[in-house]
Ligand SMILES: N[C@@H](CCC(=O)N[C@@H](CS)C(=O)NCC(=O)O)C(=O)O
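What follows is a single chain, given as structure tokens, in the form predicted on its own.
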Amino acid sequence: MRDFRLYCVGESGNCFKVALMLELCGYAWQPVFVDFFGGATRGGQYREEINELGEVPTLEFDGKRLTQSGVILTYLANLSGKYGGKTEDEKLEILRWMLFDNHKFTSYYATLRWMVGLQKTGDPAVIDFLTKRALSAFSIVDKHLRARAFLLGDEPTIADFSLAGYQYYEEETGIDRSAFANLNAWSQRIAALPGWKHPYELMPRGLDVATNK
């Protein structure tokens, strides 16, 4: 059995995507805290020894390291035989949604959460731009989920886990989540899967460390 080590920080929904997949697949894994708020990912040591992109998550196992949540989710789906789609068409559909997630769904919303909910500062024009983009992406997914339980149908896949990465945090973003009934119901269905845990149950919080310094 592989010994998985996930370099992560609790506030990162991208890390949560991977941590959740590890849990749902029943793999033994260990969170390795990265002091993101203390600048660890921007330092030369982290970039030289762990991840040259200066990001989390990074999954380490068997002397290897994988980076980028989409890559890691795909690897774990192939390894476990779970949540990766059963046909070539399903695999392509998963890829389609994961690319949409990285380009429009998570990207704008996660940046908005960072500025409004965590950093608590930012140019109003930038925040307005991010809000409109996030609302547009949310509307697309909410409409898609109107007639199905998960993105591809009746069963969850890594596409769902990718898009759901930032859906369980409670920091203020300025977006009225109650306006997206289908999106909320989908998030609850994922949270009802056996093995699901909240991000802060799975990974240490960086702001807790930063506050105690």
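Since this is a predicted model, take the numbers as computed values, not measurements. Numbers follow the displayed sequence, beginning with 1.
Here the subject shifts to the form predicted in complex with this ligand, a form of this protein not shown in this document.
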If we test each of 180, 29, 186, 166 for a heavy atom within 4.5 Å of this ligand in the predicted bound form, the one that passes is 166
Which of 131, 102, 139, 80 has a heavy atom within 4.5 Å of this ligand in the predicted bound form?
102
Check residue 56 for me: does it contact this ligand in the predicted bound form (non-hydrogen atoms, 4.5 angstroms)?
yes
Report yes if all three of 87, 97 and 157 come within 4.5 Å of this ligand in the predicted bound form by some heavy atom, otherwise no.
no
Which residues in 105-130 have a heavy atom within 4.5 Å of this ligand in the predicted bound form?
none
